[in-house]
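Only one chain is shown below, in structure tokens, and it's the form predicted on its own.
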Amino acid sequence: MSILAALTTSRAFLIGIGVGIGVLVAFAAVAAGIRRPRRGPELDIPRAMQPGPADPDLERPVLERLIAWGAVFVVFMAIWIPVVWYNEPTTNLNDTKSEMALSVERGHQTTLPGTLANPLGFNCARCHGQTLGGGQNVFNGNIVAVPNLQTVCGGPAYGHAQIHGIQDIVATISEGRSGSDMPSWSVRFAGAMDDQQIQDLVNYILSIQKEPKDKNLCINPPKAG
């Protein structure tokens, strides 16, 4: 995703305003230089050393000009702030969707073999299959079945007896399964993944679920009691 695509509406709006102000300042500076009359070196006094405006000018023309500019900026802020506020829910929603899409992509990369092109890879696909649809592994000299993660949120009804909600998935990835070929992956349990990597992996697993939504315990957890 490019930098421009990642910009939110409000940030792009602010950048546009900043660029516009910069252009206006540059134009005003060039225009002032063009209008400046040619004078001899002896009369070319820097503006900071020139006499200031007379008291009558300070009391009326200069003051009125400052008040007018102040009014312009107040009106601008009075319009700009409500516009940004009105668009904020949409902006936040788009940001959330964008961040979730990036998280899912990182989670997918986590399941692939680690290479120079994919430094995020932990090769979950070696045991669970290329699409995490299940497979086989060798554990203690025996061939064991590896769960299908595309239905893991289905819980016991889909062959995942120890899964009753998303917290069980996080715990299994983090802590592993004692007495099985599933190791711990969290750095909290001598693994190699930090919390963000585990969250990305969970988000990817949630994105590939095949069971019906009403059977998905991750998004429809059973009610207490």
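Model, not experiment: these values are computed from the prediction. When you see a residue number, it is the position in the sequence shown, counting from 1.
Same protein, other form: the form predicted in complex with a small molecule, not shown, and the subject of what follows.
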Checklist line | Asn123: touches the small molecule in the model of the complex, heavy atom cutoff 4.5 angstroms | finding: yes
Note to self: My question is simply whether Asp181 lines the interface with the small molecule in the model of the complex - judged by any non-hydrogen atom within 4.5 Å.
What the structure shows: yes
Item checked: in the model of the complex, Thr172 touching the small molecule (heavy atom, 4.5 Å) -> yes
Margin query: At 4.5 Å between heavy atoms, is His108 in contact with the small molecule in the model of the complex?
Written below: no
Next item on the list: Could you work out which of Ser98, Asn137, Asn87, Gln150 is the residue within 4.5 angstroms of the small molecule in the model of the complex, going by heavy atoms?
Entry: Asn137
